[in-house]
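Below sits a lone chain in structure tokens, taken as the form predicted alone.
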């Protein structure tokens, strides 16, 4: 079976069980929105899938390859954390050339969003500008599957729309799992929605399900 498949994930922090029995899947062409209240374990799950956080139990497979840890997923899965990962004292142009393969780097260096910042060091960028560069580096990477944790954080409305369009355009050859505090942006581009609730996952068919599981108030349905 093709695609990214995550199953039987459990995770405890001391006596607190955060993830009980998680299942989530994503294939190329899909943008899976991962929703849940603060503390529901969304970031924890993404880190476990990526391999940067150990789980008590997990099964992660891409196509026929079982991914057991961080070093088995090179160029298969990339993870965008909430905090900036850009080296602070290296110029944006050089960062792009390090993180992206040659042709992808060339394509990225030509983008209007990027060109004004090429000669700047990462530390000279605003938080929003750093976030744009980070998201674009991920999108233009070789990775087949991208895990995005708060990709729209700190971005203005115009940049959010541009990034959303780029995610949709590149989803033809990649799979995305995206979580963000602004659920509206997630719902806008997602081809499927998964809600994290009580340590497990619920498949969401429409906005009514988000109300039924207590993620949204019933008043939100009148704004649909």
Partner chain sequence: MRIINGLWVFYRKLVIPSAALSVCLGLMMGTGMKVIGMAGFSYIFITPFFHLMIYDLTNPKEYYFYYNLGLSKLMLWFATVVTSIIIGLILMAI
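None of the values given here were measured: they were computed from a predicted structure. Positions refer to the first chain, counted from 1.
The form predicted in complex with the partner chain is left out here; the points below concern that form.
- In the predicted complex, at least one heavy atom of residue 138 sits within 4.5 Å of a heavy atom of the partner chain.
- Under a 4.5 angstroms non-hydrogen atom cutoff, the partner chain in the predicted complex has residue 78 among its neighbouring residues.
- The shortest heavy atom separation between residue 115 and the partner chain in the predicted complex exceeds 4.5 Å.
- The shortest heavy atom separation between residue 74 and the partner chain in the predicted complex is within 4.5 Å.
- Proximity to the partner chain in the predicted complex holds for all of 85, 90 and 95, with the criterion being a heavy atom within 4.5 Å.
- You can rule out all but one of 45-53, 175-183, 161-169, 32-40: in the predicted complex, only 45-53 has residues with a heavy atom within 4.5 Å of the partner chain.
- Contacts with the partner chain in the predicted complex, taken as any heavy atom within 4.5 Å, map to no residue of 121-136.
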